[in-house]
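First, one chain by itself in structure tokens, the form predicted alone.
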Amino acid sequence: MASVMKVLSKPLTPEEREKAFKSSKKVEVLARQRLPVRYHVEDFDVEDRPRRFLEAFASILKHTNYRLALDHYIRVTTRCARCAVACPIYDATHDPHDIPCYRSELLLSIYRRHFTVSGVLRARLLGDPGLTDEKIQELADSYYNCTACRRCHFECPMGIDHALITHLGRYILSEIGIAPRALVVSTREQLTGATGNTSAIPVPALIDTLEFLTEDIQDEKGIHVPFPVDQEGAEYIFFTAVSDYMMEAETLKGIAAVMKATGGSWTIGTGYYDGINYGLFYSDQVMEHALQKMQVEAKRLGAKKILMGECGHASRTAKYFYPTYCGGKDALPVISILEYTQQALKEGRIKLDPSIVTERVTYHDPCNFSRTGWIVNQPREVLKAFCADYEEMAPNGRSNLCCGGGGGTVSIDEVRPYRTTVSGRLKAEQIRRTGAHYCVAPCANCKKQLRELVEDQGVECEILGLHDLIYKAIILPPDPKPEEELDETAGGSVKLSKGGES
């Protein structure tokens, strides 16, 4: 694996820093919530926060296996700061508070002080009062500066997963009411709202969109490419980021075209059609409930496998956590559309015209696909099969740079200046250096972040999905001929009947 990139960039200028960290929150809101963070939070009980934080922490430790990880981490943590060289946030700010092991120590110190025997005894001897409201405020600010890209994990000599600690810190904070409103509102609609999805798209609007996309493909390709809905017994039930149905038409058309060319048996369920799972970002309970909604819909339609669309966090959540909450060994297999398409290309079931895409193309690795090594080479094999001018970013693959909007921060519009000035700073330069016309980013969150990033940083590059390009180049099989057709002969044409008799 390639070595991670060392810290090379210049720190933020005073003007950039002011822009990135400026808060849009009203003074009266800050006074009422006593929470000086940039992201908006719904009003919550601000009294006795340390006690409620510790109670939530204790409950989570009781009902999960986080204690095993924390017991290990407090024994091996060295705080050597080697992780700093891998962190895009620290690279931009050069602030010691943004070093991953410093951020992890915020929570580990609370665990060590309040949930270990030695910590409790030491506190009694030294008169340590324990967790304070100011410490909670620091946690709330620091843990949403992190994109949870997990790049730092490769540099830690003790193998500490700092992103896991960030996730746990966010989980505890959410239990006392501290979580970005953008995530909470969307999750509420997904789990208890009338539409049952994070973008509040009702079923009639979904159906209208799918019919429009089918008509659009017919006009552009001259081929009927359906989006099957509520088909019982299909091999695959398809889930993607529900926002794709509003914002990523070309991606969806490309996916449908691949399924058409391969003859794949698939369906979209109207009972539940949202692959987004914000629980990965801030709450295990949310993650569990969202995955269980997928399970119910797959069972209703009798699907044999789950097919995930172009979305990194949705795919990772389903791949690695669906078995945890939805059946263990008996859980349905989860496959990414990226894997499906690469396998179909390898087997010769899809054909791509290499003369269509002549512009330079580069590929961005979504962290949730690449960090574990799950999906790295598959999309590259597809792109290189029909894109003659392909330029690789460096570093890439498992050592890739985060888009800057990971960990759910891309959904928090009020921190856009931070995302495009700080957390996405290195990624913007990385894209610029390739000179690419197209940057393929097969993830709904990455697409949104990168489009804002190249706009704010003045990078001339079009951000799109893998299947957007595939749609341009795919050679679709013609529609089947009608049962009655003209059979041209030397003497003219003979109309054949159903049975072939003239």
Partner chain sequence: MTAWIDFARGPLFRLCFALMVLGLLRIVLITLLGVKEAYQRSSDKIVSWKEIRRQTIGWLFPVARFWRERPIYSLFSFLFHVGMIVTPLFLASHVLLWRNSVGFGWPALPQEVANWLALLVIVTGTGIFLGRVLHSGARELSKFQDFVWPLLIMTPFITGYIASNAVISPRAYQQMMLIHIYSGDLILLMIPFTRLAHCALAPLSQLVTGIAWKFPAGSGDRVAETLGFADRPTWVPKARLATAPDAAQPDTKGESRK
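Small disclaimer: the values here were computed from a predicted structure and weren't measured. Numbering follows the first chain given and starts at 1.
Same protein, other form: the form predicted together with the partner chain, not shown, and the subject of what follows.
Using a 4.5 Å heavy atom cutoff, none of Pro36, Leu210 and Pro228 lies near the partner chain in the predicted complex. Comment: the partner chain is not present in this chain, but in the predicted complex one of Asn396, Thr262, Thr116, Gln285 has a heavy atom within 4.5 Å of it, namely Gln285. When the partner chain is considered in the predicted complex, only one residue from Leu345, Ala257, Ala140, Cys326 comes within 4.5 Å through any heavy atom, namely Cys326.
Contact annotation: Pro417 falls outside 4.5 Å of the partner chain in the predicted complex, judged by heavy atom distances. Though the partner is left out of this view, Glu215 does not reach within 4.5 Å of the partner chain in the predicted complex, counting heavy atoms only. The partner chain is not shown here, but in the predicted complex it comes within 4.5 Å of a heavy atom of His63. Remark: Ala163 counts among the residues lining the partner chain in the predicted complex, judged by a heavy atom distance of 4.5 Å or less. Considering the partner chain in the predicted complex, the lone stretch of 349 to 357, 80 to 88, 218 to 226, 427 to 435 in range is 80 to 88 [heavy atom distance within 4.5 Å]. Shown without its partner, the chain has His167, Tyr171, Glu175 in segment 166 to 183 as residues with a non-hydrogen atom within 4.5 angstroms of the partner chain in the predicted complex.
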